[in-house]
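First, one chain by itself in structure tokens, the form predicted alone.
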């Protein structure tokens, strides 16, 4: 029970809530009422759970249980409709979470094209750690290092905070989740996967509307493939050979491209599913036609698609953004080789909400 108290109610699964209800002499259905209040209903306080007896609510409070929703400290609105949220946890640590509305003719969170009629679609980009330990040289989050992992409740809480702020009805609005914010989800694997299960079983997100991005934590890719419920997999590739990748992504020194590509080939894809490879293009570093041809060889035989991202600039980043012409040539070579490739249009770049720009910026 002490470990459950540390977590608070948000982040507990049905089995853990059943233990609490049983300890207080409550029937099993009280656990279901608690679960429904926390997740589908997204209620923020015990007093709001009118289905529970007052005595049970009072006993929970007396024991120290509460619903600890992360708090939105600040939000920043982009000209393209993107909103960057600075979200505070109970201990005062903050992370960033991004709301990206779609339907302006751009690209959706899963790499497909959106049309004007898709105004009701949106994507939430969620953080899994305070900071990040992977140290990718083109990412502002790397400058923070890593402070700690987020709990399952803090991961789910980000989603709930944004849904409640945007007044989202999940039965009427299609919302995707991408675990591509601060941190490496596979270095916080147990809490990340617990959060996934709570979002699916509780909040109401189909796993098909979730994608997780990893920098290439090979053992966890194997574990992830064996999960009965899991999001889609995206791998941050960002280089076509070990020399370049080790320079811009030090994690490659531990799990190199041969190991990473083998894990991708072994990954058990579902019907019609593809692995997404994300590739941040850095001017004259990894964006030449020769690099594109190396990528084609790397991905040969893997059912996949590639999202190309021209570097989003930031203070302290020592790389440049390639020209549109270089990006287009790179994309055309992949497509000609039969690899679906998309150029990801930056969202929220003016408010430091775009890919690689999250650094708890407060202005």
Ligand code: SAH
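Residue numbers count along the first chain shown, from 1. Not measured: the values here are computed from a predicted model.
We do not show the form predicted in complex with ligand SAH, though everything after this point is about it.
Colleague: Want to guess which of 93 to 101, 199 to 207, 234 to 242, 77 to 85 is within 4.5 Å of ligand SAH in the predicted bound form, heavy atoms only?
Modeller: That would be stretch 234 to 242.
Colleague: Are any of the heavy atoms in residue 310 no more than 4.5 Å from a heavy atom of ligand SAH in the predicted bound form?
Modeller: Contact check for residue 310: yes, within 4.5 Å of ligand SAH in the predicted bound form.
Colleague: At 4.5 Å between heavy atoms, is residue 287 in contact with ligand SAH in the predicted bound form?
Modeller: Contact with ligand SAH, no.
Colleague: Taking ligand SAH as it sits in the predicted bound form, is residue 184 near enough to touch it, meaning that at least one heavy atom pair lies within 4.5 angstroms?
Modeller: Because a heavy atom of residue 184 falls inside 4.5 Å of ligand SAH in the predicted bound form, the answer is yes.
Colleague: Against ligand SAH in the predicted bound form, would residue 123 count as a contact residue? Criterion: heavy atoms within 4.5 Å.
Modeller: It does not: once ligand SAH is placed as it appears in the predicted bound form, residue 123 has no heavy atom within 4.5 Å of it.
Colleague: From the list 275, 163, 263, 180, which entry has a heavy atom within 4.5 Å of ligand SAH in the predicted bound form?
Modeller: Selected option: 180.
Colleague: Which residue, 191, 213, 252, 176, is the contact with ligand SAH in the predicted bound form, using a 4.5 Å heavy atom cutoff?
Modeller: By the 4.5 Å heavy-atom cutoff, the listed residue in contact is 213.
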